[in-house]
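Single chain ahead, written as structure tokens, the form predicted on its own.
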Amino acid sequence: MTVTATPDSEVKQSTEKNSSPAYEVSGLEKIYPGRNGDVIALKPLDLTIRQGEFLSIRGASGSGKSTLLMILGGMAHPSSGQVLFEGKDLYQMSTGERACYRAQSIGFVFQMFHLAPYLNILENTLLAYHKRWFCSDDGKTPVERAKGILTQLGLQHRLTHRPAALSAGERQRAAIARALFNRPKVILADEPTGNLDPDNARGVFEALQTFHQEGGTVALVTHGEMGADYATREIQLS
């Protein structure tokens, strides 16, 4: 697996280059056994993602972009290699420890939104709530925090609407609100603007940029060119 960075990545990355790694990936590979032979989903890969970095991951279909994101999220056990998150080996953790890692440290944003259709937008955001992991250092209740995030994303007039009543851009912003609810350290975004027009895509990128500017780490899988305007580094899987 070849990983290449854009020529200006060193300039864009200046604010993160001295930070400690969020992820250290070495020899990472994913192979799915099949009746007609093995399917190689991700060829051997070495990669470091630093804390506070906004990383754009690009590449042709089948190059392993989504597979890489699933492995970073603790949702797909690699066939070989190691994934360290803040120095801890994700796949030496127990299943329960990885579940805590996902709940406490990771926010997921997907292309197809994955909102519960029978819940309104406020209720969808509150799906991320768990008493054990909820941080209330600002004194807000879970409902107050959810409303605050949705308001910041311009959805204050949609709190009681179900996903079917929202535009695609509004649904994706609702999905971002859910991802932000637990104050994650990292957002893993898989083609979050793939179904959006340019204006709505820009709104999604701006929400991710705000999270990044506040100190969060973003790993974004995208086919589009717009992500390069917001990312501090871009890599290409080939």
Partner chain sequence: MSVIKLILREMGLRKWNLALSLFGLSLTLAFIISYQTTAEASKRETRRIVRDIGFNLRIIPDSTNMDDFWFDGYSSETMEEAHLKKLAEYENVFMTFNHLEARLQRRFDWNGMNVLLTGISQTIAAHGKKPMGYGIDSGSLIIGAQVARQLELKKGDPAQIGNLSFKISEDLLESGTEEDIRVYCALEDAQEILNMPGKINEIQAIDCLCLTSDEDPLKILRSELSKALPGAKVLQARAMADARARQRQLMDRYFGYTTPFLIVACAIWIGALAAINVRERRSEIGMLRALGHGSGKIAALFLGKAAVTGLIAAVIGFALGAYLAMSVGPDIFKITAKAISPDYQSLKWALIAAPLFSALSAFIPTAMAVAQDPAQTLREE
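All values derive from a computational prediction rather than experimental measurement. Numbering follows the first chain given and starts at 1.
Only in words, not in the display: the form predicted together with the partner chain, which the text now covers.
- Here the chain stands by itself, but in the model of the complex one stretch of 63 to 71, 43 to 51, 205 to 213, 166 to 174, 63 to 71, has heavy atoms within 4.5 Å of the partner chain.
- Using a 4.5 Å cutoff between non-hydrogen atoms, Arg178 counts as a contact of the partner chain in the model of the complex.
- Although the partner is absent here, Glu29 is not a contact residue: none of its heavy atoms lies within 4.5 angstroms of the partner chain in the model of the complex.
- Interface residue remark: His130 is counted as part of the site for the partner chain in the model of the complex, having a heavy atom within 4.5 Å.
- Arg162 belongs to the set of residues with a heavy atom inside 4.5 Å of the partner chain in the model of the complex.
- Of the candidates Gln82, Gln111, Ser79, Gln152, Gln111 is the one whose heavy atoms come within 4.5 Å of the partner chain in the model of the complex; the others do not.
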